[in-house]
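Shown below, as structure tokens, is a lone chain in the form predicted on its own; questions about how it binds or moves come after it.
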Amino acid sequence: MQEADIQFLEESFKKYYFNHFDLITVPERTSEREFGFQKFNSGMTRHISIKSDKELHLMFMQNIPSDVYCSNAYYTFPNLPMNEKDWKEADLIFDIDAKDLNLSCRGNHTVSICNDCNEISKASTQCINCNSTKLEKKSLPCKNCIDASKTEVLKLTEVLIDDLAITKENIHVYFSGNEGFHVYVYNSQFQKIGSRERSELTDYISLRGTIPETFGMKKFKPNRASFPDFDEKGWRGRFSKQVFGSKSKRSKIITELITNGYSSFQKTLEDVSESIGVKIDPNVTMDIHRIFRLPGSINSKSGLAKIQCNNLSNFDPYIEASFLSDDTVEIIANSPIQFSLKNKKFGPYINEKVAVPTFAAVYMICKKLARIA
């Protein structure tokens, strides 16, 4: 990234943090958390201990970070190296990202940036200018991406409440600032479990690794009565609704499942897992030492803020998470895909000088689709 672009982003981010520090959510038990930050074109600085809002504000103003992070874990000594921190417990956090949902729309809003000649084109396997295959992909997520991610959040919330006895008040949903959502679970019975147990939890939530016997199918002499009913709780009930469709069809479909045999049922179960299992990133939930983007901070991949979604169904990140100024700035834009921010459409642009609001300029520069003119 060029120096002029970095300077522009730093000025825009600093103005945001000066005017909107009230949006920063300082987590409970702040002094037990590990904080970290990145600056533009530099590495991560972590193992920082913050004790108050004032200290956090000072860190923002002194460093003008591109990204700010905070641990889900609680430590006795958060500022010490990892093996000396003395881990106590950690909140459960789930990551739902549109890029993991295999959506058909993705190719329509993904661009390829050549690492050899910087040529930008719509999604392709090799550069249209120099034929290089060293391409970086950048996505400009669409409404369908956000809606599909919301669906996964709702599925996850249902499992957390109905199957794992987590209260709705302890589940907080945040837009990640780019392509999806982070779901936080506070004060649950799972606070003190380690990575292995969290891995098993993600398997359950994703309906991954389950066996046919759980849903009534046996290799030898399957018993019709052992197949799930519609009114059963948990995954057996969800399986029943998905596979049987209705109570009237249940008996007929069970006959077909038994006739087709165990291995065929296993394939059916895999298909069902793909459609009704919650699509979360298991590595995120398993990691009890990860630091997560701080709520209220800006995501440097987009210039949008990570904010809490109090009304998920009506939430529009391209309006509600865009806080940067409307001041006009001139850029050289090369965005072959049109996008919308704050109810305004931008692009497509093909290597042209344009005057756009700061929030749109930051979005394109963060996506590597523009530079300051």
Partner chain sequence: MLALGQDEIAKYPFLADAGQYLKDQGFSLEQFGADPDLKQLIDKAYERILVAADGKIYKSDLDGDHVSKEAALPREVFSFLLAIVLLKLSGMHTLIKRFALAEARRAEKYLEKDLANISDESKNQLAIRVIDDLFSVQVKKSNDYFIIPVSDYLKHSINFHEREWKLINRHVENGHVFLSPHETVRLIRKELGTYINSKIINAKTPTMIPGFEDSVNKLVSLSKKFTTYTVSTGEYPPCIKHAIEILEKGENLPHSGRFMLATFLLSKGQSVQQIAPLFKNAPDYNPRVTLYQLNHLAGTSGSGTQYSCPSCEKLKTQSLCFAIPECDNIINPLQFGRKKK
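Positions refer to the first chain, counted from 1. Here the structure is a predicted model, which means the values were calculated and not measured.
Heads up, the form predicted in complex with the partner chain isn't pictured, but that's what we're talking about next.
Mind telling me which stretch in 103-111, 141-149, 178-186, 231-239 gets its heavy atoms within 4.5 Å of the partner chain in the predicted bound form?
Selected range: 231-239.
With the partner left out here, check for me: in the predicted bound form, does some heavy atom of R196 sit within 4.5 Å of the partner chain?
R196: contacts the partner chain in the predicted bound form.
Hey, in the predicted bound form, is M286 touching the partner chain, heavy atoms inside 4.5 Å?
Output for M286 is yes: heavy atoms within 4.5 Å of the partner chain.
Proximity of A225 to the partner chain in the predicted bound form, heavy atoms at 4.5 Å
Taking the distances in the predicted bound form, the answer for A225 is no, it never comes within 4.5 Å of the partner chain.
Even though the partner chain is not shown here, does D271 get within 4.5 Å of it in the predicted bound form, heavy atoms only?
No.
Among I128, L164, A123, C117, which has any heavy atom within 4.5 Å of the partner chain in the predicted bound form?
Here the answer is residue option L164.
Counting any non-hydrogen atom inside 4.5 Å, which residue from T255, S248, T76, N83 sits next to the partner chain in the predicted bound form?
By the 4.5 Å heavy-atom cutoff, the listed residue in contact is N83.
Under the 4.5 Å heavy atom criterion, name the residues of 298-332 that approach the partner chain in the predicted bound form, in sequence order.
Result: empty, none.
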